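Heads up, the chain below is alone and in the form predicted alone; it's given as structure tokens.
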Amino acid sequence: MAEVHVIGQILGATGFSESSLFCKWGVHTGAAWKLLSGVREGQTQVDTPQVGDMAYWSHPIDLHFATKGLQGWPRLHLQVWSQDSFGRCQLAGYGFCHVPSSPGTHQLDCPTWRPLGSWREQLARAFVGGGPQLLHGDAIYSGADRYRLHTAAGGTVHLELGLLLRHFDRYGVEC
């Protein structure tokens, strides 16, 4: 089987109006992919940057996949959350990006967005916290359902990923 090694880190985030940010992440693949080592999901620590600065996480990602086909290439799903002084967490943005398909080191910028909800939900989010969230995570990357949502732009998550491909030439895939 062909193998893909993804080694890198979630560097941090910029452009969010909220402070005390952390990121929940996960990797989703198709049925032909098998995770040989590493963890599919995780969470960074909370960082409280100065206004306008980058929230630094430097959270490691180390995954090793085996695959029978290219269909269902790995995607990184990201959720950025903010934490207030009372420890309550609210969604700051959803985002996703495809793991690059060429070997080497890659710098990725993943834009995020969040659902707005009704004017009452927006008002409640401003005073009480919380706010609307997606019921199904598939809507993050499927355009069929997402076009009906009213959303607001979030910030950008910065990633650095190194990719190693092995045995792809045996299956007729040129790197």
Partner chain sequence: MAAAGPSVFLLMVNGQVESAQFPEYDDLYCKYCFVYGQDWAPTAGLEEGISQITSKSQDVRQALVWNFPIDVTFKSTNPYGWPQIVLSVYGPDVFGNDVVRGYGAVHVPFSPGRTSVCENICFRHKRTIPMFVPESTSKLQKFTSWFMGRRPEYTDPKVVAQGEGREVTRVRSQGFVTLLFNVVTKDMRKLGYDTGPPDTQGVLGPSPPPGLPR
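Residue numbers count along the first chain shown, from 1. Because the structure is predicted, anything quoted here is derived from the model rather than measured.
Here the subject shifts to the form predicted together with its partner chain, a form of this protein not shown in this document.
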Legend entry - Contact flag, G104 vs its partner chain in the model of the complex, heavy atom cut 4.5 Å: yes
Legend entry - Touches its partner chain in the model of the complex: E18 (any heavy atom, 4.5 Å): no
Inset, instruction - Find out whether any non-hydrogen atom of A32 is located within 4.5 angstroms of its partner chain in the model of the complex, and reply yes or no. - result: no
Legend entry - Exercise: Q9 in contact with its partner chain in the model of the complex, heavy atom 4.5 Å: yes
Inset, instruction - Just give me the residues of 24-48, first to last, that have a heavy atom within 4.5 Å of its partner chain in the model of the complex. - result: S37, G38, V39, Q43, T44, Q45, V46, D47, T48
